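Considered here are two forms of the same protein chain, supplied as structure tokens in two stand-alone entries, structure 1 and structure 2.
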Structure 1
């Protein structure tokens, strides 16, 4: 008996069939447009990186438990990139001498983490990364926050759909040492516990904090203090240097109002974050989770060379973003059909059909032509089933007059159009069809 090969993808990975890929392309196009409108340039890096690049720079959980790690034939210790920030820091350091600062870069890589599959989590995911290098100004935080918000608005989110939760690790460190009784040497371990605080029952979190040799009640009281009280707990000089506090005072300039909330429970698990940290959270109780997150990493580039170049950035993952869109019922409809099919009832009209199709493609339209001879009615039925929006029928009588018939396949409406006006007429018909799909 023949044993066939499996048709499914590896656990934790996904196949993207044309319908789903269409939705992804529509969504990502909006994100790229927003990011590039702020002057950011796209880059990429290898999927394989040296293990040492992440060993002391990413979170311990990712390094110890989630990396896809391997040794190549040259004996090099490699990982499939679990995140992008160390890679971009390496690249910035490599061209530091000729780089014009500030540098605004973005990317959209696939990332790999060997973790348990659950809602919003796969072992391979795609993430739009946006990074700004070369300034410690609070205006960098303001710009990054505004880009995050505009990306959300660009895919249809409203002000009430999400909240931008921001914090400052330097402020939190100051408050915990001055008010929470936490020694400096225990802060990193405590940050690891606090990063999981909202995912665990309070009593369980207190046990973890107590196991660190700390006063759990005092720590929890500090970290959960109201915003106006918490900002007074850190030393004054630390509060005055906080870019996040400055942004909260000055506000953001965005196309819609943004829910901006200071929240000391936003810690972020990566050890390279130096001060500002932030996350976008869905406000729907059915999907109350982070959609995107990032922070400031002023010392990371300096690990690769003598020049210290401060940086700030974030990542927005495809899984959580698409889940957000479906939760709020704002995901775009898939667009898989071509704009137009050019056909003829006359088998001898292949030349004119191919020329018309060529001209329409040069005009920016997606055009298909028949690959096998079939009756006109069958060709029209097949085109409609495949989602083609309109058909150009090149009959011999119409061609003799320098014209064709243009049929709207959704409405079954047909009219004669001069070849000189055809591209504009098809674009108008396609735009009307797309507008109808969006409204429905």
Structure 2
């Protein structure tokens, strides 16, 4: 018996069939456009990196348990990149000498983490990474937050659809030590507990905090303080240095208002984040995972060389973003099918059909021609089902007049067009059909 090979991709990985791919391309085109409108330059790096690039620099769990890790034939210890920031920091360090700062860079890498698949999470995902290097100014935070918001607006999100939750590790540490009575050496353990704070009943969290030898009441009172009060709980000199606090005071300049909220419970696991951290969440509870997340990492580039170059950046994940679009019913309609199919009832007309198709392609249209002889009715039916927008019917009678029939397949409208006017007429028909597409 024949043993067929499986048709599906590896667990946790995805195939993108043309229909879904067209939706993705339309979405990402908006994101690239926003990022480039802020002057960011695109880069890329290898998907394989040495293990040491991540060891003890990013999240311990990701490195220890969620890496696709392998040894190459030269005995090198490699991982498929689980995140992009270490790679871009390496690249920035590599050209630090000749780099004009600030540097604004972005990329769209495929990233790999060996974890169990669930809503919003696969073993691989595509992340738009945006990073700004070379300044400690609060204006960097302002710019990054604005880009995040504009990316969301560019794909059709409204103000009420998402929240940008921001925090500052230095500020929270300051508040917890000054107001929460937490000694420095217990801060890291406490952050681990606070990461769970929203998911557990308050009493449970208090027990965990007490078990750390801390005053649970004071700690909880500190982290649950209203936003404007919290910002005053840290020592003044710490608060004055907080870029996030400054951005909240100054506000963002965006095309629509943004729900920007200070939230000390935004912790984030990457150990290289030094102060600002932030995440974007869907306001619809159907999507619980962050759509984008990032932070400031002022010491990461310093691991690769003497030059200390501060950085701030974020990743926006395709899985959560596209879940978001579907939940809010703002995903663009898939665009499959060519612009035009050139057919003829006369099999002997192959020459004119091919020539017309060639001319239309030269005019910038996406054109298909039949590969097998079929009845005209079948050809029209197939073309329409494939999503082709219009048909050019090159019959002998019309060709004798130097013309063809142009049929709008969606509207069932047909008229005779001179060959000399055909490209323009087709473009018009295609533009009309695209503008009437309904979003799904």
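Everything numeric in this text was worked out from a predicted model, so none of it was measured. Only the largest set of C-alpha atoms that superpose within 1.5 Å between the two forms is called the rigid core. Residue numbers count along the first chain shown, from 1.
#### Entry: Structure that is the form predicted alone (1 or 2)
Looking at both copies of the chain, structure 1 is the one that matches the description.
### Query
If we fit on the core, is the Cα of residue 416 displaced 2 Å or more between structure 1 and structure 2?
Yes, the C-alpha moves 2 Å or more.
### Query
Taking the rigid core as the reference frame, is the Cα of residue 169 displaced by 2 Å or more between structure 1 and structure 2?
No: residue 169 shifts by under 2 Å between structure 1 and structure 2.
### Task
Indicate whether residue 311 shows a C-alpha shift of 2 Å or more between structure 1 and structure 2, with the rigid core used for the fit.
Shift at residue 311: below 2 Å after core fit.
### Query
So, with the core fitted, how far does residue 395 move at its Cα between structure 1 and structure 2, in angstrom?
For residue 395, the alpha-carbon shift amounts to 4.5 Å.
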